[in-house]
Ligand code: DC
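One chain comes next, on its own, written as structure tokens: the form predicted on its own.
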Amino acid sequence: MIIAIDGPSGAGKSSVSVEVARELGFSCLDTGAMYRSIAWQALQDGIALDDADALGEVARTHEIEFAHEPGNPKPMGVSIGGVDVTSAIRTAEIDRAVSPVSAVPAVREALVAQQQRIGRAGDYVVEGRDIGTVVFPDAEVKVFLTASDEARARRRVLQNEERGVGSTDFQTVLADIIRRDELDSSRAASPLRPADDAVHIDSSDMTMQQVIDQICSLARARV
């Protein structure tokens, strides 16, 4: 079974996906980490973020792998070309770079094929921005998880404070979230939008556990 969770940045997709997978005994496929890895590699190689041909070549020629531990649904590490980038891809610099990189059709084509191969081999919770519309259009459960701009900015500030990276200024984070929403929603390749048959969940006034419970109920109903 595939559970597809789409939605904008800061909606809580990553945290919710891990706990849903843990409760159901599924694994997580961190597609966002794959695009972040390509962005990291491009910056390392000095490639301009508007050089679509070069970015596509990076995605086609660099294999991305995840490290897993038994009993833990969340990948414990990610590498690109054999280089561990687990921490390197979770910085403010990569936050800003990942949208233009993920908008490149050649990048998306190269990574979607790999995601489909991995996901169809087992039971996965997959989160992103086009999972239910492009990557796994036949997913048994599709969710579009969102929240208000302000709620997402507050959560991102707390997250940045906890991990010690990224801005902790509310207005800066809010502006970045709004900018990223506009980029993700207006891109030509696989723009951010809910699948026609997705269940919409607005988590602005919900606890994370309430969101988790609702998604797990949807999955159990399909079983």
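Note that residue numbering begins at 1 and tracks the sequence as displayed. The structure displayed is predicted, hence computed values, not measured ones.
The form predicted together with this ligand is left out here; the points below concern that form.
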Report task. Find out whether any non-hydrogen atom of H62 is located within 4.5 angstroms of this ligand in the predicted bound form, and reply yes or no. Result -> no
Query raised in the report: Could you tell me if A153 has a non-hydrogen atom within 4.5 Å of this ligand in the predicted bound form?
Result: no
Query raised in the report: Can R193 be called a contact residue for this ligand in the predicted bound form at 4.5 Å between heavy atoms?
Result: no
Query - Partner proximity in the predicted bound form: R90 to this ligand, non-hydrogen atom cutoff 4.5 Å - result: yes
Query raised in the report: Thinking of this ligand in the predicted bound form, which stretch from 194-202, 43-51, 66-74, 26-34 has heavy atoms inside 4.5 Å of it?
Result: 26-34
**Report entry** Residues from 1-19 in contact with this ligand (non-hydrogen atom within 4.5 Å) in the predicted bound form
**Finding:** S9, K13
